[in-house]
Ligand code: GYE
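Heads up, the chain below is alone and in the form predicted alone; it's given as structure tokens.
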Amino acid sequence: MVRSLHVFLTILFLAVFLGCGTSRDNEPEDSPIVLGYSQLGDESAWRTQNSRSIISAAQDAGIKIMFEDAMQNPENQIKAIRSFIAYKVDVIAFSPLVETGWDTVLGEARAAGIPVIIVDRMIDTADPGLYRTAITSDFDLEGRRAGEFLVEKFQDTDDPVRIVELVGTAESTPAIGRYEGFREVISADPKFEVIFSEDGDFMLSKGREIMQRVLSLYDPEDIDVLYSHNDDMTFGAIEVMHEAGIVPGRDIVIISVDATQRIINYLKEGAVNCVIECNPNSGPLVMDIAGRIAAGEEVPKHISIQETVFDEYTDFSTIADRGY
């Protein structure tokens, strides 16, 4: 349904905005704020909810949004940002697929006098003046929280703890942070060993493929932990475990990042042991910041999205319905 909405918005953008010209020169001064938003894709349930949050929050705030789905291609994001510049939007926001490669196009936005908001993921640039603010999760903290759960879970054993890791998209901020933060914690104890780590692009299908390969390389008894960088990859891995007669959450301890409703259900059933929240509902905050920037207000250079942890020690009655 959300992808259909993306398509609708794209058609609307082409038919109405571009059809009336390549810029807003003829619009009245009191026209609504126009926000150009480049979403990196629709690779997971988390991303679908994030897009839904952005689109609905724009509607609630009375902001005209030009929403483009890049379909997991940074070149598509660059093209979208250039189209926003040509249209002379008030603010550009985007969720970068990868960290690098943005300096040129963001330099073009700055030259055009259009402020940029980075959402969800960060960019790697030597010129922080290319963007006005970044609204992101603390991905390094998410990785450390995963490691801290393992330390607590295995505090009473000196036996080796062998870990399989499903990593997110290579060179993306979440994958880098969740990888490095996790190792920062577990490296303090040599009993923790990552025996397999591979990029799964945050996709269920790749989580499934990688877990099949893992089980062709290792006996299930030689795997103690699955640490997955997002819920969709976890779902794929769990499917494979069921098919192999492995009881997830018991035979293999599972840590997942996102906190969708489905993974919370697995946590309550005991099929998952720890869930690190990554909050997708940044839409209202993005619209608030976009409005403040358009009004000429100063905003913080970096804004962190608040998140928590749910694990097997949590009182499940305190976990509200996730809504996605």
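Small disclaimer: the values here were computed from a predicted structure and weren't measured. The first residue of the sequence shown is number 1, and the count goes up from there.
Another form, the form predicted in complex with the named molecule, is not on view; read the next lines as being about it.
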**Q.** Option touching the named molecule, based on a heavy atom within 4.5 Å in the model of the complex, out of F84, F202, W102, Y227
**A.** F202
Q) Which of 60 to 68, 263 to 271, 290 to 298, 40 to 48 has heavy atoms within 4.5 Å of the named molecule in the model of the complex? A) 40 to 48
Q. Does the named molecule come within 4.5 Å of any heavy atom of F139 in the model of the complex?
A. yes
Q) Would G147 sit within 4.5 Å of the named molecule in the model of the complex, counting heavy atoms only? A) no
Q.
Given that the named molecule is not shown alongside this chain, does C278 nevertheless sit within 4.5 Å of it in the model of the complex, heavy atom to heavy atom?
A. yes
(Q) Check G143 for me: does it contact the named molecule in the model of the complex (non-hydrogen atoms, 4.5 angstroms)? (A) no
Q) If we check the named molecule in the model of the complex, which of the residues in 241 to 266 reach within 4.5 angstroms of it by a non-hydrogen atom? A) D258
